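Just one chain is shown here, as structure tokens, and it is the form predicted alone.
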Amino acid sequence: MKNHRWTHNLSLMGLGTTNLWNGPDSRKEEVFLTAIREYGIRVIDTAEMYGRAEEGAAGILEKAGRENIFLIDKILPGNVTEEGFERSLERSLKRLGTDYIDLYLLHWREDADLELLVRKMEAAKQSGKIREWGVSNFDTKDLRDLMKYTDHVFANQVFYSVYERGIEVELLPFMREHGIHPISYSALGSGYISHPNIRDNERVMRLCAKWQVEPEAVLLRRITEEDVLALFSTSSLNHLRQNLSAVPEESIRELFEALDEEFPAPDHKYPLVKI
């Protein structure tokens, strides 16, 4: 089995930019900069389909220092064409105000030409416009199809949280076997899909009170403990501080046992959940 540990010196948590849909916002920007400067967060995730989020991210990159950020961006499957790929990449670079993207992902598979994708991604990597490339929302079969054309897929970003653990059955072991770095989006759950609320679980909340920890911080720690880079979004400094608050090492075993029993992984494979 290949070593699946992250090969970059990154925080294993990062911030998504869907809340920058309408572009630059000084109040929301403060949340990102606090995460970077006070908590050592280095990963910022955006996409060309997130409205004006790339423009919003540009100000964060400038103020935080481009060299301090590992930037993830995504291309839509409909733009993976001979001419569309370069146009899309150049537009994103311009909006972001940078000359390179650290990790460029295909946002989802749809009917994208995977052979063309590999060729275009590798060319962009050779040109220095991207440092690494990967995919998002790919299930095991999708990855197998992609790997007919390449033996190097840096990462796969998927919906994964304590509430939605389907990838643990087959997809996550497959990614580990093939050295594909796992990234979780909506690592605290999503308002777009029905799931429990950790604060409604009496057992977990009782233990959080015992150890004086925030439940959201425990959820994120549970994801990163699997060596999965956990992405979440927030526009609130208070929520940011809750999410990134410390979880004492001596509390981990008891808290994780409770999470695994209250929100167990499935015992069978089912199609990858996407939002």
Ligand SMILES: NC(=O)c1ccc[n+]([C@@H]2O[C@H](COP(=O)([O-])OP(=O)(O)OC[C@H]3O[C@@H](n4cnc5c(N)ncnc54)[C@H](OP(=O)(O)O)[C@@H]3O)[C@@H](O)[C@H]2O)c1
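Start at 1 with the first residue shown and count on from there. Keep in mind that this is a model prediction, so the values were computed, not measured.
The same protein has a further form, the form predicted together with this ligand, not shown here; the description that follows concerns it.
*Asks:* Taking this ligand in the predicted bound form as the reference, which of E55, E216, E48, E29 has a non-hydrogen atom within 4.5 Å?
*Replies:* Contact check passes for E216.
*Asks:* Select from the listed residues T98, N137, N79, N201 the one whose heavy atoms reach within 4.5 Å of this ligand in the predicted bound form.
*Replies:* Here the answer is residue option N137.
*Asks:* Using a 4.5 Å heavy atom cut-off, which stretch among 181-189, 89-97, 121-129, 144-152 contacts this ligand in the predicted bound form?
*Replies:* Contact criterion met by 181-189 only.
*Asks:* Residue-level question: is L231 within 4.5 Å of this ligand in the predicted bound form, judged on heavy atoms?
*Replies:* Yes, contact at 4.5 Å.
*Asks:* Considering only heavy atoms, tell me if H107 and this ligand come within 4.5 Å of each other in the predicted bound form.
*Replies:* Because a heavy atom of H107 falls inside 4.5 Å of this ligand in the predicted bound form, the answer is yes.
*Asks:* Is K63 near this ligand? Define near as a heavy atom within 4.5 Å, in the predicted bound form.
*Replies:* So K63 does not count as contacting this ligand.
*Asks:* Even though the partner isn't displayed, in the predicted bound form is S235 close enough to this ligand, meaning a heavy atom within 4.5 Å?
*Replies:* Result yes; S235 sits at the interface with this ligand in the predicted bound form.
*Asks:* Does anything in 240-275 come within 4.5 Å of this ligand in the predicted bound form by heavy atoms, and if so which residues, in order?
*Replies:* If the 4.5 Å heavy-atom criterion is applied to this ligand in the predicted bound form, 240-275 yields Q242, N243, I275.
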